[in-house]
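Just one chain is shown here, as structure tokens, and it is the form predicted on its own.
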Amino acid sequence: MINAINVTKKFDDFTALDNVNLSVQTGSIFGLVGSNGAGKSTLMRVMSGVYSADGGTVTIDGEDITNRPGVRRNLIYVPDDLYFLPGSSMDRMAKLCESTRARFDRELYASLAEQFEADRKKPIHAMSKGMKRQAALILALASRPDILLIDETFDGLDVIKRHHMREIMVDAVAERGLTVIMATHSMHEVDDMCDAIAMLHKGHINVQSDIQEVTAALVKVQIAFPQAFDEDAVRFDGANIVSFRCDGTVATVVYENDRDLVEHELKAKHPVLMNLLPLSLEEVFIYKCQ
């Protein structure tokens, strides 16, 4: 398990992370989502040891990564801003990985490069953005890490290669207990892959839960009465309304309450129309982080 405990990171007078707490189970895929500037990349860099926290700790299986850097030996971080040796090809980078990463698997590297039809001899600087991202992911997966941190996971990959890379990661999680933490703007990727999610906003974690619990935390209702009405008409004792939009006699309301409670209380108001609607992860993020 990897934990961030009361992690704070500042840059001069700007607080990028403010007492952030995060827990990621071993052998899971964890999604870290947030708006631009929310602190996702900063948190990934602190968790990988690239940055030192100004407060708090990051632990892997209970061991502080700052006091015992060796704890990070099987952790690999793939940043958004990729770096490769000047003039290097994939094969040259693979040779470097083989000398610095104890678990680097040459056969797996060759197999992944073949599956993705990657040109192992081509200078990486001449590759497209998507091909560079693909090269970085192949090298990372061939290193057989225990923990893989990826910032903007599939940025630039086409639909087919994105799907195949996703399958390879899911298989590694299932077969050998790989733990993946992915920071992304894509709610579709999170919904499609992740076991759990955290929503980061202005340096704070607003939500951390498994996917089903996140979407169940809010209730969206379309409701109508015979006459025009305002928010008071759909309010009840204990109601926590996070959004109310009304067009004449029909309104869409989002509650942060138990679904059964909302349904019971609204039925008692005898509406002429009431539908409970599903919420997407994107909607949850908007309502939780606005």
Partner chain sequence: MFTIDNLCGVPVYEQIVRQTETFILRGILPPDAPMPSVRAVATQIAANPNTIQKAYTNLLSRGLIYAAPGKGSFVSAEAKGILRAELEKQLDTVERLAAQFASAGIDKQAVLQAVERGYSGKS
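This one's a predicted model, so the numbers in the text were calculated from it and none came from an experiment. Positions refer to the first chain, counted from 1.
Although not depicted, the form predicted together with its partner chain is the subject of the following passage.
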query: Site test, 94, 117 and 129 vs its partner chain in the model of the complex, non-hydrogen atom cutoff 4.5 Å; finding: no
query: Residue stretch of 186-194, 153-161, 119-127, 98-106 approaching its partner chain in the model of the complex, non-hydrogen atom distance within 4.5 Å; finding: 186-194
query: Sole residue of 57, 28, 257, 243 within 4.5 Å of its partner chain in the model of the complex, by heavy atom; finding: 28
query: Position in contact with its partner chain when the complex is considered in the model of the complex, options 207, 170, 113, 136, heavy atoms within 4.5 Å; finding: 170
query: Residue contact check: residue 166 to its partner chain in the model of the complex, 4.5 Å heavy atom; finding: yes
query: Its partner chain contact in the model of the complex: residue 174, any heavy atom under 4.5 Å; finding: yes
